[in-house]
Structure formats: C-alpha cells, structure tokens
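The data below hold one chain only, encoded as structure tokens and taken in the form predicted alone.
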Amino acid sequence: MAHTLGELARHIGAELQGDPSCLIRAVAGLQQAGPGDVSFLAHTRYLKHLATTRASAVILDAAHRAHCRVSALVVENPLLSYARAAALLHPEAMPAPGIHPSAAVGAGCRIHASASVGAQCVVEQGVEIGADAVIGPACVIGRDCVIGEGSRLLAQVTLCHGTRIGKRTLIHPGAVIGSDGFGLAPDRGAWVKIPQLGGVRIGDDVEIGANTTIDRGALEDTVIEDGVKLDNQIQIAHNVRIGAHTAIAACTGVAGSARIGKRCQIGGGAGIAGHIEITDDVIITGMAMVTKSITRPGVYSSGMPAQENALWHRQVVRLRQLDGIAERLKNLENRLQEK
C-alpha cells in the first residue's frame, strides 16, 4: 500500500528531510532497497551501507542524518519507527467475517457477527468469540473458552477447555494453550496423575509464538499478563505467572509455579526453575539456568560461551581440580593461622 513520504513521516512522528511527495511502496534493507522503498538504520554495524543505499528514504536518528545521501526520516528510535512504517505499508490481509461451512460449532456458542472462523475449525459448546476476532483454519477451541475482540489465532492453534484470551492477542500456528500440567504423585515406584483443575488466562496485546505450549494450572490459573511476548517453542508450565510486557525468546522452559515480573527480557534457551520469583526489569541472557529467586533488577547470566575444543577440554580439567585446590588452600590458611 503506497504512501507519500510526508504521510509516512506524520504516521511515525518523524522529522522529514527530503521531498514529501515522494511515493513509498515498501520497506527493505539498506543493501536491498531501491527506488520506492524506505529503509532504516538501527545499529552502527550497518552504517557502512548508508552511503550506497538506493532507497528513496531512510529512517534514522539525528546522530546519523549527516551521513544520509537520500531523504531521511529522523526519529528518536529508528527500530520502533521502522516497525510502525512496515505495518502501514504492508497491512495484513484479514479474512471476511463469518463461519466457514466446514467448521463445526457446538451448542451455546456466542460468535460475534464480525468474527471469522476458518475452514475445518472445531468450536466446542459454550465458546465466546468477540468482535473482529479471527480463528484460522483447523483451530480447535475447547468448551467454554473466551476469545477477546480483535484477537487472532492462526492455523492449527489449540485452546483447551476454559482458556480465556484477552483483546488483540496474536497466537501463531501450532500453539497449544491449556494442556494439562505435568502433575504426578509417586505411588511405590509408579505415578498417579494429579487432575489439573485450573485454567489459563491470557491478557490483552499478547503474542504467542509457533508451537509454544502453556499448561493449565493445577488448582489456580496459569496467567500471562498484558503485553507479554513469547517466541516459538517455549514451554510454560502449570501455575506460572508472567508479568506485563515481559519478552521471552525461543526454546525457554519455565517450570511450574515460577513467578516472572514485569518488563523482563529472557534470552533463548534459558531455563527457569519452579517455585521461584523473578522481580521486575530483569534481563536473563541466553542459555542461562535460573535456580534461585532474583530479587534485584539487573542482568543475569550463567553457562560458558562456545570456544575451541582444545581450550574447552583444558578448562574442564581445571574445573575438576577446583575441589582439591580449594582444600589445599584451606589447609594452607589454617597452617598460617597456627603460626
């Protein structure tokens, strides 16, 4: 969808340096862009491409406007402004309202006339679907689920019974929400399943990635608060609570009854132990293992980055020697104290 550069500047709140009548049709990277494209500079590692870009305009901050040889949209946060420009120039196609003839809809459902239910969907009894909601093809919506207005479930999403989804939430293909938590009681070497009687509550403006799983609570609900962003293939166990506007990258696992605060950032592949609390505004780097509660905001890491195999083997040998070294050091300190 084409817009003039002036229209684009007003939409993202930018100071325009260039021709406001220039027509912009798409977004593209600095190296790939051509006439009619708008690009952006959000990191200095790409500054070398700014002088040679063929884009009609570039979104950047004031510090780099002097390096820009094409029209510039000067903003405080180029990445954020790029996101808004991309959404304006590349709006998503929305399906027409209505229920596809191949969908199966149970008794007592309340589906707003402006909502869309796609092909091969199964909507069980007592489900409520709000205005402008979109249920993609082959989704399964369990009994008594509630889906708020403007929310979108893409293909093959499963909501188990009683799940509640807020407004404007986006759920990507293959996500499963409300599956049973891993609740088991030992019985003389065997296991007895503990009924999972809680549900899942998802807030407004949440995004849940492809094949992510959020388990229902054992007694109380699992809760994902407003604005949370979950990447692909994340496991959220039963009774977890994730605070508003926290973002979690792919392949992270959060064990049962963990509490994660607001505005946290958790890197990919991290592990969060059960029954611990993480306060607001914590950053956990990728592949970290969190086994104890974190009570102060800050950046937390664990694990070792990859390195040459020979060096890694030498370090492992030294790690195995640490107990002996510590014992010898303690004995030496004791002998010095005795003198």
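The model shown is predicted, which means the values in this text are computed figures rather than measured ones. What we label the rigid core is the largest C-alpha set whose atoms superpose within 1.5 Å from one form to the other. Residue indices: 1-based, along the sequence shown.
Omitted from view is the form predicted together with another copy of the chain, to which the following refers.
J.: Is residue 306 close enough to another copy of the chain in the predicted complex to count, meaning some heavy atom within 4.5 Å?
T.: Flag for residue 306 set to yes.
J.: I'd like to check something about residue 327: if you look in the predicted complex, is any of its heavy atoms closer than or equal to 4.5 Å to a heavy atom of another copy of the chain?
T.: Contact with another copy of the chain, yes.
J.: Flag residue 221 as yes or no: does it have a non-hydrogen atom within 4.5 angstroms of any non-hydrogen atom of another copy of the chain in the predicted complex?
T.: No, residue 221 stays farther than 4.5 Å from another copy of the chain in the predicted complex.
J.: Can any non-hydrogen atom of residue 241 be found within 4.5 angstroms of another copy of the chain in the predicted complex?
T.: Because no heavy atom of residue 241 falls inside 4.5 Å of another copy of the chain in the predicted complex, the answer is no.
J.: Can you pick the one in 50, 28, 276, 70 that has a heavy atom within 4.5 Å of another copy of the chain in the predicted complex?
T.: The residue in contact is 28.
J.: I need to confirm a contact call. Of 225, 231, 132, 128, which residue comes within 4.5 Å of another copy of the chain in the predicted complex, counting heavy atoms only?
T.: Only one listed residue qualifies here, and that residue is 231.
J.: Mind listing which residues of 47-80 have a heavy atom within 4.5 Å of another copy of the chain in the predicted complex?
T.: 77, 79, 80 sit within 4.5 Å of the partner.
J.: My question is whether residue 7 is one of the residues whose C-alpha shifts by 2 Å or more between this form and the one not shown, given a fit on the rigid core.
T.: For residue 7, whose C-alpha is compared between this form and the one not shown after core superposition, the shift is less than 2 Å.
J.: 2 Å or more on the CA of residue 329 between this form and the one not shown, with the rigid core superposed, yes or no?
T.: Where the cores coincide, residue 329 still shows a C-alpha shift between this form and the one not shown that is 2 Å or more.
J.: Could you check, with the core superposed, whether the Cα atom of residue 318 shifts 2 Å or more between this form and the one not shown?
T.: Where the cores coincide, residue 318 still shows a C-alpha shift between this form and the one not shown that is 2 Å or more.
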